[in-house]
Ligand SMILES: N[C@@H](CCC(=O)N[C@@H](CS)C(=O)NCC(=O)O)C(=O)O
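In the form predicted alone, a lone chain appears below as structure tokens.
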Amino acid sequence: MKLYYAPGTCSLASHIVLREAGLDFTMDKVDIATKRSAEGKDFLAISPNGYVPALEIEPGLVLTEGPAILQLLADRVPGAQLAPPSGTLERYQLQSWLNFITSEIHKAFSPLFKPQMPADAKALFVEQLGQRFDVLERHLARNDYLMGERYSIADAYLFVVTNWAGYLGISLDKWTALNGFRARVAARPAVQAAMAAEGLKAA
């Protein structure tokens, strides 16, 4: 498998899970501005939406959208227990968390990276994020991870998107349980390795 990625973006979650699952993979770094990969490929020919992640499962077969990729990777190695079995209530609970992260957190962060976004509009998105962090804080005050005591693909995704707060100067200090969660995830060897490989921390 080959992961098309850009350092520190949401593709980092797929990168982490590939390592957590112990899967063999290669990587091709994408320049989001030019839509060219480090290997010289036209990324729009690989992923028409032009954003990462994209996972080439085999030549000519590409899966896009992070939550779908994360579930495929977890299902490839069920012994790693990164997602509950398909068809169980717990799997639907996992999907609920993935949808919450995608729609309520990931997409609320996205406008904050746009220089042309007016400051008052950005303030509204920051306020909305705070409300979502309140939801997470209440849950993580009672649970080590989103699914309870077991780490899952949803935790990797939440860790990555909440990392963006630091880049944007948004303090997370008031959410102590969320910060405890982030520390637990950050300490995982696969997370450390993925971040080092993307140049986000010292190897």
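Numbers follow the displayed sequence, beginning with 1. Quick caveat: nothing in here was measured; it's all calculated off a predicted structure.
This protein has a second form, the form predicted in complex with this ligand, left out of what is shown; the following refers to that one.
Residue-level contacts in the predicted bound form: of Q128, Q95, Q81, T102, one residue has a heavy atom within 4.5 Å of this ligand, and it is T102.
The partner is absent here; in the predicted bound form, the one residue of D144, E65, E39, D134 having a heavy atom within 4.5 Å of this ligand is E65. With the partner left out here, this ligand still marks one of 45-53, 169-177, 148-156, 134-142 in the predicted bound form; by a 4.5 Å heavy atom cut-off that stretch is 45-53.
In the predicted bound form, Q192 stays away from this ligand, with no heavy atom inside 4.5 Å. Not displayed here, this ligand is kept clear of I16 by more than 4.5 Å at the level of heavy atoms in the predicted bound form. Not displayed here, this ligand is kept clear of I57 by more than 4.5 Å at the level of heavy atoms in the predicted bound form. Taking the partner from elsewhere, K107 is found to have a heavy atom lying within 4.5 Å of this ligand in the predicted bound form.
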